[in-house]
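Let's start with one chain on its own, the form predicted alone, as structure tokens.
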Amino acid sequence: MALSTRLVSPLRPALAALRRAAPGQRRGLSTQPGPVHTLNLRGIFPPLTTPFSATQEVDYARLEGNLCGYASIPFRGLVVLGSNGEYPYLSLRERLELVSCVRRALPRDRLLLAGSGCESTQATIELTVSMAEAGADVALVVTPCYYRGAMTSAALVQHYTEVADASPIPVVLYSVPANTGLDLPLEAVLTLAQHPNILGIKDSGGDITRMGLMVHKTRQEDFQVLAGSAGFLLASYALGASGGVCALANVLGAALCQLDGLCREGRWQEARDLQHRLIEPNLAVTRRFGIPGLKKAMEWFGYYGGPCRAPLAPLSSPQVEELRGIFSANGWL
């Protein structure tokens, strides 16, 4: 079970000690003591899909099989319970067991980011603490959005500040307007970048100007920007992004890690050629066909995709053929 907020308070002395151990690393807006983070997010993170059986139960054996397949790819780490993990459709018990399962299989030198965003601040704090206990290294916290009209910059800064104050692990902000209808305002990001326990942001909006401003305006902070899609990964790196959390990495993980390496080595022509071949497949498994398309494509590359949990519906036969054609036309099949 998730811890209640009253159980967070015993963590305060330990967090304060961590902060005192490394004074001066960050200037913060924190209202409570929090740990000073030093984690490096450079690299590629696949936001794992959640495998389901034919009866739509979480299939942990299939998950372990996918993790074995990913073990040979030089990912920086893995994301559990992101949008592509069908996070809203999972029970609390399933969410915690998924994090524990991945943690057991993941080498300690690879980071585990776990989604812990809920609609209320209290519930987000409770789940974030529970994710830390289950083995997560970083909490990925999506914007609350149900009362979207009330989610002003001030409200969101207050929400994330309270979560980061209480969290025993670093927090990464998560802005995914395609799903939430809410873009975390730039002014809120810049304010939250000063918090000593907010590590960075995963931005899935695709506004490269905005991402460039985030990098530029936080250059005095220990704040890392992650591209939220493979379609604009090269452009994000050119502007100073640290890494990418990309759905397509579930399918073409080695190619995305190759693109990451080419950018870091300054081999921009090769990187551009590779990026061009990734744009259409990425659009197909995100905007065009979504998670059902992503899971279908995984099966062509040796991974288990399987069904989605209802009400997400499988692709039709013509959609499957269109998806296969997109991967074939770009040289992947």
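Just count from 1 along the sequence shown to find any residue number. Here the structure is a predicted model, which means the values were calculated and not measured.
Beyond the structure shown, there is the form predicted in complex with a further copy of the same chain, which is absent from this document and is the topic of what follows.
Taken together, the three residues 68, 73 and 172 all stay farther than 4.5 Å from a further copy of the same chain in the model of the complex, as judged by their closest heavy atom. By the criterion of a heavy atom within 4.5 Å, residue 275 is counted among the residues contacting a further copy of the same chain in the model of the complex. Contact annotation: residue 258 falls outside 4.5 Å of a further copy of the same chain in the model of the complex, judged by heavy atom distances. Remark: residue 142 counts among the residues lining a further copy of the same chain in the model of the complex, judged by a heavy atom distance of 4.5 Å or less. Interface membership of residue 216, defined by any non-hydrogen atom within 4.5 Å of a further copy of the same chain in the model of the complex, is confirmed. Proximity to a further copy of the same chain in the model of the complex, taken as heavy atoms within 4.5 Å, picks out 120 to 128 from the listed stretches 105 to 113, 249 to 257, 120 to 128, 220 to 228.
Residues of 141 to 156 that come within 4.5 Å of a further copy of the same chain in the model of the complex, judged by any heavy atom, are 142, 144, 145, 146, 147, 148, 150, 151, 155 in sequence order.
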